[in-house]
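Just the one chain here, laid out as structure tokens, in the form predicted alone.
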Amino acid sequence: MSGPATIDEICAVAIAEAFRGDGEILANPIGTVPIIGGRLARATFEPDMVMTDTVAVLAANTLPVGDPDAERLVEAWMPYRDMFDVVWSGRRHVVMGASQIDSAGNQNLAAIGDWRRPKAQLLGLRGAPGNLVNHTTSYWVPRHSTRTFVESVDVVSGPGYDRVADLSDTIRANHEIRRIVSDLGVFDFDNPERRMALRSRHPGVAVEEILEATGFELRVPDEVPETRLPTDAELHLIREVIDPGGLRKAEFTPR
């Protein structure tokens, strides 16, 4: 291990923190940095979580990302069809991406522009609607800008707090947007209005920079702490065990 923590490592730890307290659930982080965060959480403070190898088995050991031939200590087989049973049960925490997200947590990964004639066709709704009404969801946004943090999303893939406010008690009880982690800071909805709030700013990032890169009025507390740095043990796990090839760095570009 050499050198201080870098932004990619700080973000991975912030994602790991989103799983703190989850206990015995299926963690489903999607994407390189979220997977690193999930595996880090499981290897440290959330050992009861289970994670897939991103294919079809639950692996008990901490796997390196990007290595399909890594040895797996298999706990169970998890084919795709079984995933739906876990989704309906609510014992899952997924980390998804967001091409757009608004102040109420509505997420878009389907299309940019009018859905009838979009400027850009993206992934589609995918499993986002079912995720949001059944279990905890967090988001990873590697490039924080007014193009992503928008006043109103073009298409609602994952419903935010305003969209579920008038739905059943069961849906509202299961609906939780735990965290949003971007390359500038960490955000949550832990306020009575259920509006996005700045939880922490990453080291070296000013609150003003975050506000300028956000296309809506963000709730900001009087004191904004810095996102915590990785411990020496976490840096060792990230650099030597989980991502020795440094794949996490590909998601970050200089500002």
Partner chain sequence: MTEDDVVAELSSGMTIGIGGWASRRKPMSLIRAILRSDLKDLTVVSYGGPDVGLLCATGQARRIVYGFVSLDTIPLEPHFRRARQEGTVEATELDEGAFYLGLLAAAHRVPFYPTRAGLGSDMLAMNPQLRTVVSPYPPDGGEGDDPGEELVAIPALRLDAALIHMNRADASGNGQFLGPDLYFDDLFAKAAARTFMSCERIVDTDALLDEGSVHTLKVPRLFVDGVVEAPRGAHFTECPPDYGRDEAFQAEYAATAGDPAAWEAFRTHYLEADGHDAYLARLEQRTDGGGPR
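Being a predicted model, the structure only gives us computed values, none of them experimental. Numbering follows the first chain given and starts at 1.
Not on display, but discussed next: the form predicted together with the partner chain.
*Asks:* At the 4.5 Å heavy atom threshold, is Pro142 in contact with the partner chain in the model of the complex?
*Replies:* Pro142: no, not in contact with the partner chain in the model of the complex.
*Asks:* Just to confirm, Pro159 within 4.5 Å of the partner chain in the model of the complex by heavy atoms?
*Replies:* It does: once the partner chain is placed as it appears in the model of the complex, Pro159 has a heavy atom within 4.5 Å of it.
*Asks:* In the model of the complex, does Arg72 have a heavy atom within 4.5 Å of the partner chain?
*Replies:* Arg72: no contact with the partner chain in the model of the complex.
*Asks:* Answer for Arg163 alone: is it within 4.5 Å of the partner chain in the model of the complex, judged on heavy atom distances?
*Replies:* Yes, Arg163 is a contact residue.
*Asks:* Checking a candidate spot here: are Arg147, Val241 and Ala250 all in contact with the partner chain in the model of the complex (at least one heavy atom each within 4.5 Å)?
*Replies:* Not a single listed residue reaches the partner chain in the model of the complex, so no.
*Asks:* Suppose contact means any heavy atom within 4.5 Å; which members of 58-89 contact the partner chain in the model of the complex?
*Replies:* Contacts from 58-89: Trp77, Pro79, Tyr80, Arg81, Phe84, Trp88.
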